Structures are given as structure tokens and as C-alpha cells.
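Just the one chain here, laid out as C-alpha cells, in the form predicted alone.
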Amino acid sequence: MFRVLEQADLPSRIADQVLQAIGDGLLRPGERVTEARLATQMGTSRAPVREALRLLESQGLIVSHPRRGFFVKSYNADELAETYDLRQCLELHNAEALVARMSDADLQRLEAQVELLKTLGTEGRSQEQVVEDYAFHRMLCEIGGNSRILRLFDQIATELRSGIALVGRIYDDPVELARSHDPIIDALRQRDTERLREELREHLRDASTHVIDIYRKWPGTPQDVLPGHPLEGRPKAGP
């Protein structure tokens, strides 16, 4: 799961790898993160691993419990709804700067990303499609040019992806999911800020409703669930 690291700036580099594992669903919400295992896999001592986990704890992605250790932060449906609400605020605020700053090359890059989403949807590669979907929305924030918005988006995207990773197959029709980005591209081609905001609002509202509804109904439970975890006591999903 993890690669061996060199000594320079170990804590932040360890944190980056753990962050990626959370976002990719390799470390699931509620799962215990063992310092010794990470240290062994990364070829380092436990001290920088502990420092990295404390850094992620300060960002709200890891939680620690006395005598139990570190765990990936768990999110219930209400918390995910709040996170989607914040994401919508960020993306809608970014829209004006995005239209003003977007070059023709930027637009071509966004168009190519949507075509990639369609290809992944057609091939049924749902988990990869989730990653590339967030990459598309990250591009929107990146082109907007506000580094604080981009930093907040990165944290929110990791939280959302870690929650979605529990659900399995996220959307009934991944091809339709990919096509839902077409109105956003059309608004960008027209460089119409107000239409872009409306398309983003509808797109994100639909995504929020879909994911949160699935999350509320999902019957599984992550490994090493802590007492009081919102999924504690539910039966595990079948094979």
C-alpha cells in the first residue's frame, strides 16, 4: 500500500501517502491506522509516522483515542451533507474567477477530462471515474486561481471520496454521470458565469442527494469500527 521514503521531510510525505490512501479507499472510514505497520512499509521509524498522523488529525481526517491509537475519521450522512454544502459554496464562488481566467487551452483540458469520464463510465471503471470526477472539479478550482479555495477543495474531496469508497458501486449509470458534466462544459464554452453557477448548483445538488441517500442505506460496516461509530452494529454486506 505504501512505498519506502527517504529521510527528507518525512512527516509531511508520510501524511501525503496516508491522505492518498484515504481518498482512494485503501484506508476506510473507521479503520485503525497502525503506526508500526506504516513505519515498516515506509522503511522509517514510528516517530515521523506519529507526527504525520497528528498532522492529519489536525486536518480532521484522522482521530486518536487513548490506548486505542489512530483511526480514519468516520462520517455520518449528516456530516457528508455539510461537507457537500461547503463544497458547493466553494465551487459557486470560484465560478466568476474561473470564467475570467480560463484560457482556450484550459477549456480544452476540461473537455478532455469529461471525455475521459465518459470512457471510464462506458468501461464500468467506477472507482477510477470517481477519482477523475474530482480531478475535473479540482481543475475548475485550480483555473480559478484562488489557492485557499484549492486547498480547501483538496481536503473536502478527500473526505467525500473516503465516504464514497464505502458504498461500492456509486452510481447506477456511470455513463449518465459522465454526461451530467456536459452542461457545465457548455456554460464554460459560452463563458457565461451565471449559467455556470446554475449548472454547478444543479450538478452538485444531484450528486449530494445521490451519495448521501446511498450512504444512509448502505448496510456494511468498516473494519475496526470504534464504539459509537454511526455504522456500529449493522450487519456486514454480503459478498
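Whichever C-alpha set is largest while still superposing within 1.5 Å between the two forms counts as the rigid core. The first residue of the shown sequence is 1; numbering continues from there. All figures in this text were calculated on a predicted structure; none of them were measured in a lab.
Absent from the display: the form predicted together with a further copy of the same chain. The rest refers to it.
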Look up in the predicted bound form whether T83 has a non-hydrogen atom within 4.5 angstroms of a further copy of the same chain, and give yes or no.
-> yes
Is S147 close enough to touch a further copy of the same chain in the predicted bound form, meaning at least one heavy atom pair within 4.5 Å?
-> yes
Does a further copy of the same chain come within 4.5 Å of any heavy atom of Q88 in the predicted bound form?
-> yes
Is there a heavy atom of R138 no more than 4.5 Å from a heavy atom of a further copy of the same chain in the predicted bound form?
-> no
Using a 4.5 Å heavy atom cut-off, which stretch among 115-123, 128-136, 102-110, 153-161 contacts a further copy of the same chain in the predicted bound form?
-> 153-161
Is a further copy of the same chain close enough to E51, R54 and H93 in the predicted bound form that each of the three has a heavy atom within 4.5 Å of it?
-> yes
In the predicted bound form, which of the listed residues (T209, Q190, S45, S58) lies with a heavy atom within 4.5 Å of a further copy of the same chain?
-> S58
Heavy atom within 4.5 Å of a further copy of the same chain in the predicted bound form, from candidates H203, R37, R197, R179, belongs to R197
Going by a further copy of the same chain in the predicted bound form, which residues of 112-133 come within 4.5 Å of it through any heavy atom?
-> none
Indicate whether E35 shows a C-alpha shift of 2 Å or more between this form and the one not shown, with the rigid core used for the fit.
-> yes
Once the two forms are fit on the core, has I185 moved its CA by at least 2 Å between this form and the one not shown?
-> no
